[in-house]
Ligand SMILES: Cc1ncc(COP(=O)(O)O)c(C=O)c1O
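As structure tokens, one chain now follows by itself in the form predicted alone.
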């Protein structure tokens, strides 16, 4: 027979399941809940404490308790659902309380700045802090070349339409790539040239031919844990790509939004091989901090600073001061590095489990890529089987995967890839889910 506090936890789970309590919802006060359920205040306090230990709720002094988000672990146990679609950071590992302290301090520190418009390229103090922080990623740049943006996607969206110093017009991009970048291209009617990304990287000879024969303005690449393949370039590959860009007067936009998760301590970004301005380095905090903050940065060449500043001002005047100030405090305090150390271990473990599961359960005809970070990987389904058919088939088995078809440019489209992310899948569920995927492929493979 369950104790009273366990019954209270069950009641909260029921309310989460039927929608009465949603992510971010405030839970009833201790006193109100004890009265409603006709139990002691101590029982409610113990239930709330247990939920907080499990990172399912968090407390705000003088405000009460709030849901962290949908609890996938419990939802999976009850419903048997394994979600390989969700690609955001694990809500239970996010530093809500630490960042709350930083937000409160930022309100006090920057209260004057919040009453007038700020600098389009970001708070000077934050740019100086980021200049120091980036050195850990082997990105050495003065603060004046750093621009704070509302997520790295904003920087990419602005850069695709800006004229570049080389006077060229075409964009070269890995295929597949993440959907938001494809949207930036398609909404502007821009046609891009694709370079196929496989489980062994890209064909550098093909890339050279494209740089040589085309009118390439820039090459867009996610250099580590590429979305959706999960591929990470070696230092030698990065060096060769930079040499080709220098040889044929091509710029590179290096999107390193998950570089913080790289456990290879000697891995360098492409920026390290040419910090002069040939490489435009972008980075986001969405996958390692709180996606809702929408904070990122771009390291720009001096030749683009003026035009980018005007475009940024036209887009949103400036990124919100409060979130910038909180990030500065979070970085300066050392909280960020402590948080990143934990995430690296967590996602490395997930990637290891995923790869082992692929090798054990996927049929030989099904090829897979990536998985090192625990964030992204793809499976190429065999024969004439289309990804959407497998997605629908697996959904009936309570396994969610994503059809990667819309992550290709129209001229390079492939319909036989699915994308997986295990960032929010409990470790114990990864193996079970991949086993179901392997069985699903065998059941419908003709």
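Positions refer to the first chain, counted from 1. Bear in mind the structure is a predicted one, so any value in this text is a computation, not a measurement.
What comes next is about the form predicted together with the named molecule, which does not appear here.
Q: Would residue 318 show up as a contact with the named molecule in the model of the complex if we use heavy atoms at 4.5 Å?
A: The answer is no: residue 318 has no heavy atom within 4.5 Å of the named molecule.
Q: Is residue 178 part of the interface with the named molecule in the model of the complex - any heavy atom within 4.5 Å?
A: Contact check for residue 178: yes, within 4.5 Å of the named molecule in the model of the complex.
Q: Answer yes if any heavy atom of residue 222 is within 4.5 Å of a heavy atom of the named molecule in the model of the complex; otherwise answer no.
A: Answer yes; at least one heavy atom of residue 222 falls within 4.5 Å of the named molecule in the model of the complex.
Q: Within a 4.5 Å heavy atom cut-off, is residue 271 in contact with the named molecule in the model of the complex?
A: No, residue 271 stays farther than 4.5 Å from the named molecule in the model of the complex.
Q: Out of 162-170, 322-330, 129-137, 251-259, where are the residues with a heavy atom within 4.5 Å of the named molecule in the model of the complex?
A: Comparing against the named molecule in the model of the complex, the contact stretch is 251-259.
Q: Work out which of 294, 145, 344, 278 lies within 4.5 Å of the named molecule in the model of the complex, going by heavy atoms.
A: Checked against the cut-off, the match is 294.
Q: Please identify the residue among 151, 95, 201, 194 with any heavy atom within 4.5 Å of the named molecule in the model of the complex.
A: If I apply the 4.5 Å criterion carefully, the residue I get is 151.
Q: Could you run down 265-289 and flag each residue that has a heavy atom within 4.5 Å of the named molecule in the model of the complex?
A: The stretch touches the partner through 284, 286, 287.
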